[in-house]
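Consider the single chain below, provided in structure tokens and representing the form predicted alone.
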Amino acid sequence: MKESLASSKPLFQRYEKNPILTARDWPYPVNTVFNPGAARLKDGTVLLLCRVEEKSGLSHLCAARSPNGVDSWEIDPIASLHPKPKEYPEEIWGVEDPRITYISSLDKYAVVYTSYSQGGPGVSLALTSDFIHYDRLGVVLPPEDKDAALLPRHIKGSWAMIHRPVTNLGAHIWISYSPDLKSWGSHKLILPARKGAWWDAGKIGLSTPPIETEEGWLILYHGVRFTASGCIYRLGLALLDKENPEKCLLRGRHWIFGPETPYERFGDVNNVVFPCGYVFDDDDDKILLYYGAADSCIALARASLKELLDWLKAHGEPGPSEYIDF
């Protein structure tokens, strides 16, 4: 019975008018738009910092704003964060996949994004208060590394970042610490990809920034399964200890959201749902999740934070160690 209940009710409800943003909406010619970071600004506006792939193949970041986070999007006429390879060589092949965290102690938004260099993808960090002017700190975690987000407060006196390096151990989720947002160390593996036929056996990575709850840090992560016809990107849940996020309290056995609709299954990269951002809608329970679909457009799904936590308690298992064998 427990196995059947895991998929009996969808936890995420797709917006009936998906996709909410496509290349056709852009005020200048582009190939695709996808994988947006998200933030609710102080005036209540929802901002999406979208990955925009140019027809050159390189990507930049551009802001779109909505009064309700659903429709009436207004898109900036120029890029918000454009690659500057002369100043930042790590951005020579573009900037991608932002995750946004509001840092109340700095009164700024931290934008953690992938900078694509000749050595591969790395993690770069910029601070902004208006999503127009950015204080770029440059690359903070070198290639190959990506899928990173900053926690909004100090953990044991240090900044903490969750990210996905690729090492000789594979592609797993790690946490690292910093005194100043620039120098990072004390790297710890916190969530490994499973092995074998699991839905998240190929590789995993953080999706949205972690959600702080009374019970811990809820993380949405993508898992990749390699099949004969290509990769499938799906979404899963895990819960990390609130004061010691190196400790995984629960990890769901099943994926909870995967490509089903035509706009998710067919595009520049088939069979991909890839969330990078969320905001709360009206209260502290209703989540608006923004995701890239098939690397070709931006879509929206809604969920209840309480229902996500309840599902994880019912269908999660403590710790990931039994699935990994290095």
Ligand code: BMA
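For every residue, the number given is its place in the sequence shown, counted from 1. A quick note: this is a predicted structure, and the numbers were derived from the prediction, not measured.
What follows is about the form predicted in complex with this ligand, which we do not show.
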query: Partner contact for V272 in the predicted bound form: this ligand, 4.5 angstroms, heavy atom; finding: yes
query: Residue contact check: H163 to this ligand in the predicted bound form, 4.5 Å heavy atom; finding: no
query: Contact flag, F34 vs this ligand in the predicted bound form, heavy atom cut 4.5 Å; finding: yes
query: 4.5 Å heavy atom contact, K146 and this ligand in the predicted bound form; finding: yes
query: Stretch in contact, per heavy atom within 4.5 angstroms of this ligand in the predicted bound form, of 65-73, 23-31, 42-50, 272-280; finding: 272-280
query: This ligand in the predicted bound form: contacted by all of W159, E212 and E243, heavy atom 4.5 Å; finding: no
query: Interface residues of 277-297 toward this ligand, as seen in the predicted bound form [heavy atoms, 4.5 Å]; finding: D295
